[in-house]
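Two forms, one chain: they're shown below as structure tokens, one block per form, named structure 1 and structure 2.
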Structure 1
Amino acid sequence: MRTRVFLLLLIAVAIVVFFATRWVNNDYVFFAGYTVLQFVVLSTAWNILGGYTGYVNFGSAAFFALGAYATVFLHKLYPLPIPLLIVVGGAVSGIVGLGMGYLTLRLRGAFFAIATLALAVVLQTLIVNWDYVGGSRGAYIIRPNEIALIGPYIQYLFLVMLALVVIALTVARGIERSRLGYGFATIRDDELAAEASGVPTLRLKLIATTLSGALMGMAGAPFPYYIGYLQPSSAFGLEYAVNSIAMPMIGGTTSWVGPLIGAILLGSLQQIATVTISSAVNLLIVGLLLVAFVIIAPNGIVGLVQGWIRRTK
């Protein structure tokens, strides 16, 4: 199985990344690295729906926040280990994705996009009005300082996110190489012709929304532990919605490599820039890059590189 080889390779890379970061031995690198990895998961998840099937999800922040608030909710009931919380967060977001898809995907593609855009506003309204999870005031999650075997808790969170990256990339690449990947591509290209070729388009679209939503929820589940104090405005932050679209668009949407490149480039850039310039300027740059790339380089950095290779050959 080539997917198995890929998975092993990815795990090897992840282990190297983890120990290299540990060798640097600076907490800030773990904090910044966590955010970049989180964006890798988010943009890969977005791309499974957006890049492969061509359906745009503007509500990444909502799916992410659902995962985060599932954790807050469970944390109040009974403290669970993070891997379990990830499963729950993924399930919640996946189900919401499925429901939204079921209601809107039988219609024109634009309706789904609009509905996801509105979803973020509505979920935020719900959370703000829900006192149990902190309402508009927010909720504190006390994070342990240390964890057995690994040491500092942030290193544990970093490792967890690294594992999610491995999962997300393996799923994305697995889809590309499978029957599902061909099916997704036909939906992106021409749904009528896809149906006529025997592709069950609605079912495939629902699979894509569910998978994509679930991965976003999984990325959000450890977030309360990372940030320590979760407010609706930080969980539903604009940067999630924008980055999870901008990163694949800038990296390239046709394969798993694009979102990875886009997330690492833009994510690191923002981590560096937040230290030097304000976060608003930061987001402005991302927005402008997004607009510029969709107009000038529709296939992103991957497309530019492919074009360059083709020309020099």
Structure 2
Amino acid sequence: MRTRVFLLLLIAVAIVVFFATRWVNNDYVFFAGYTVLQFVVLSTAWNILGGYTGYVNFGSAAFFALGAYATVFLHKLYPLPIPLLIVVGGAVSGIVGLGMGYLTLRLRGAFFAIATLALAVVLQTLIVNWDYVGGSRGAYIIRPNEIALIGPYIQYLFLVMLALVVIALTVARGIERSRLGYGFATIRDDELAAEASGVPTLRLKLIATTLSGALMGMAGAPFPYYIGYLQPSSAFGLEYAVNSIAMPMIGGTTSWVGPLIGAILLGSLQQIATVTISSAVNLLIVGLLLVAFVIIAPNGIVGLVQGWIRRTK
């Protein structure tokens, strides 16, 4: 399937999802759905670097928070429409991703993962001490109650996040079936052999960190309008780093569909647990499922299904 056809199909599915959700006529479905869609974008973004390229990133929350705080900064300076804020948030996080790549991509394995975690800690410390964006006190973002032609503002945010999901999945699938994706795969399989064969590994890794960071920043840009009050502990929350890693691993890291399946499964379970039990058990659910899948299906749900199909032929 060509990328253009795939994009049109995704847009059609997004339209059906939006109007089906409106038909339910319950604002909580939009609140919960926004969170699930947000994790679809984050897990897809993480998978570009962690799954396709094989470089595990523990700093997902940092890129997400950069997008969110870029929105806070511009909201105080001069409020812009959310689509423009998403572009700015993606640009800021993409540039930081490029810089992180230059500083850390000569590291490999656990050393790279620890370096990305350190980046998150450094950025959180800077935000906590930056009074203009609220510092440790946090910042309020007053959003309108409704928006013309759509209705309640949460429905508009849901629609925006649906559009981001379409963009993220289209980018991920386009990479997977391109020369760029094959280059990422050579790095994941054997980076030394790829370098010996003439593959520009550093350039490809910089592209991966930039794309991954930009998509995470785009996911974070609408977040202040969703939450209403942004503070460092919510923007740099552990759940973003953990879910961004767990969802692709449970769904499968070698295909664009894996993060989508993992995010929908884990995100939905966490929203159900939040309503029926408590949000405090969300990370427990993620941890238990991650351990179970590492033991039962180390290649994720996609790998499990592919293995079952091969055995039945």
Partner chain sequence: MAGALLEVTGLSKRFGGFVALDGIDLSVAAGERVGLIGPNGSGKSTLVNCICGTLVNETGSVRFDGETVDGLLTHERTRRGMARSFQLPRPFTTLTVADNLRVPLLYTVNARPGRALSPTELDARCAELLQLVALADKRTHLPRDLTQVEMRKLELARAMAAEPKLLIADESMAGLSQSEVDDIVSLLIRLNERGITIILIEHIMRAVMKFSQRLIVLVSGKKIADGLPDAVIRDPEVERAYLGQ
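Only a predicted model underlies this, so the values are computations on that prediction, with no experimental measurement involved. Sequence positions of structure 1, starting at 1, serve as the residue numbers. Whichever C-alpha set is largest while still superposing within 1.5 Å between the two forms counts as the rigid core.
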Practice problem: Of structures 1 and 2, select the one representing the form predicted together with its partner chain. | Solution: 1
Quiz item: residue 112: with the rigid core matched between structures 1 and 2, does its Cα shift 2 Å or more?
Solution: yes
Quiz item: After the core is overlaid between structures 1 and 2, has the C-alpha of residue 14 moved by 2 angstroms or more?
Solution: no
Quiz item: Core-aligned, is the CA shift for residue 24 between structures 1 and 2 2 angstroms or more?
Solution: no
Exercise. Determine, in Å, the CA shift of residue 295 between structures 1 and 2 after the rigid core is used for superposition.
Key: 4.2
